[in-house]
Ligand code: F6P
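Only one chain is included here, represented as structure tokens and corresponding to the form predicted on its own.
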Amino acid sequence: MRTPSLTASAAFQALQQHHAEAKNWQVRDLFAQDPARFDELSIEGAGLFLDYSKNIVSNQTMSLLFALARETGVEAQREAMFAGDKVNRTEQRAVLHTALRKPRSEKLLLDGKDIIPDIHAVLDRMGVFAERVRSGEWRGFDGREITDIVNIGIGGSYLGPKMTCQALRSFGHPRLVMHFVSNVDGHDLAALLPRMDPATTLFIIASKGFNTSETMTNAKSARAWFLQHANASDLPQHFVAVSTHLDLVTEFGIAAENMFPFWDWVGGRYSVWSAIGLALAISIGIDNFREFLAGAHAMDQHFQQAPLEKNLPVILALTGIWNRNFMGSTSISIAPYHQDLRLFPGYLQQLEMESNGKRVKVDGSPVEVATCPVIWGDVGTNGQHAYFQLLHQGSDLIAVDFIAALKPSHALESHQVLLLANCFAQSEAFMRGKNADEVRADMQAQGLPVDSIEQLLPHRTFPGNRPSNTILMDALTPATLGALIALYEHKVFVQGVIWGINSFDQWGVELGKLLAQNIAAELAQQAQPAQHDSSTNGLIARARAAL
């Protein structure tokens, strides 16, 4: 089915006409003209508060953007995804990570079968296992309690568990130390294993097909290390799997009852809600893990039920469309003002760029506009002393998402006051900037001579008008983290619908993997070099000589 032209739509053309005026706006002037701007352009739901008033938008802009969402079918596609329709068209799969968050009492039919009981059966098994490890009932081969959990995975099987365990570390079990290995570069695993006690270490091997090259290379090396210190009969006490291939799992030495399955309608970057979240369930406990799911479900309900004009994911997506396709912003800097969210920007890199980093629409035709911007960032206070300079005075317009929790999980009150002050000050500075008259007045008040003032003036002037969102939560808890992740998941979905792309495949990821299999055999001298380009052939030759 041919996808309608985005740029030919009435809503898009109306936005283009509107942009001719809006591109000249200064947001500081919009605030001066409308004392109610903050109240009109902020919203809350599912435990999160979103202030989008510092974007270069008006109420009219937002009305036109809501019209674009309706004209491109966001509401209908939203219902299709929640209903289990095969919205992942290139792979003919349903997209039902939202089902993983549904309460036990709900029902969802997929191909005529209610999948909710199966989901909760796995969740129940995860809970029993997690509590056995946490209580000390599950012990290593010499009878001691488990002290270290090593999650071996890659992509979503690594980024999700690692980010969430870090984000919720204040809820973590005090005896258990969580470790994460993904890189096939042996320096990663080699640096970790000497610090582990094999008798008190539990490995989680996370691979849907139990054949992912990087994951299984690390898993086999971990097993070989373990068997240097223990017997093969001890493997079931120290290795468990998150997978769907029972035969490969048992062949590895993992007991069948210690395999936790998930389903092909769960995409890797959307999988932390499934058994892929086993490491998190062990760390924070199954009750907190259920709260994590409940927070995401609350955002699911908000996204599904709230009108577009009051819908957090829709508004976050639409301001992103405006900044990307009309204001020319090529990237978004994610700035969490919470140390425990330091891995969140990296998590969003995969979520957004792997989902919407596409150049063709679902019908195979080229996308007519720019799609996913580059996602990057770090905790805000670190960014202030590094790359915020470029955001303030650089030549590119870069949007920023500020994220903060109002209440900390520590007792250092003065730290939290300064942290929030920095967050709010930076968002104001990006919006207001500092014009030449203000800079001149400051330097005159300092008593600087006229020549120095004129020389320094262009260096100390800030254009401002940098768009940003601020997302606040009362505190960083399992529930609010779940809602935050789900907020961005649905943002990605809405933008994908508007751009006409499939947000749920990742064929670009597969290309390099296929080439790597052939080159790996050539490097190991198990195959004759193929006819690559001269650069690749030259690199292979140098590597073969060195290995």
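Residue positions are given as counts along the sequence shown, with the first one as 1. Fair warning: this is a prediction, and the values are worked out from it, not measured in the lab.
Keep in mind that the form predicted in complex with the ligand is missing from the display, and what follows is about it.
- Interface stretch in the predicted complex with the ligand - options 478 to 486, 506 to 514, 66 to 74, 39 to 47, non-hydrogen atom within 4.5 Å: That would be 506 to 514.
- Going by a heavy atom distance of 4.5 Å, is residue 319 a contact of the ligand in the predicted complex? No.
- Find out whether any non-hydrogen atom of residue 207 is located within 4.5 angstroms of the ligand in the predicted complex, and reply yes or no. Residue 207 belongs to the contact set for the ligand.
- Task: Look up in the predicted complex whether residue 157 has a non-hydrogen atom within 4.5 angstroms of the ligand, and give yes or no.
- Result: Result yes; residue 157 sits at the interface with the ligand in the predicted complex.
- Task: Tell me, yes or no, whether residue 354 is in contact with the ligand in the predicted complex, where a contact means a heavy atom of each within 4.5 Å.
- Result: So residue 354 counts as contacting the ligand.
- Among the candidates 467, 383, 268, 373, the residue which, in the predicted complex, approaches the ligand to within 4.5 Å (heavy atoms): Only one listed residue qualifies here, and that residue is 268.
- Heavy atom within 4.5 Å of the ligand in the predicted complex: which of 422, 221, 461, 350? Of the listed residues, the single hit is 350.
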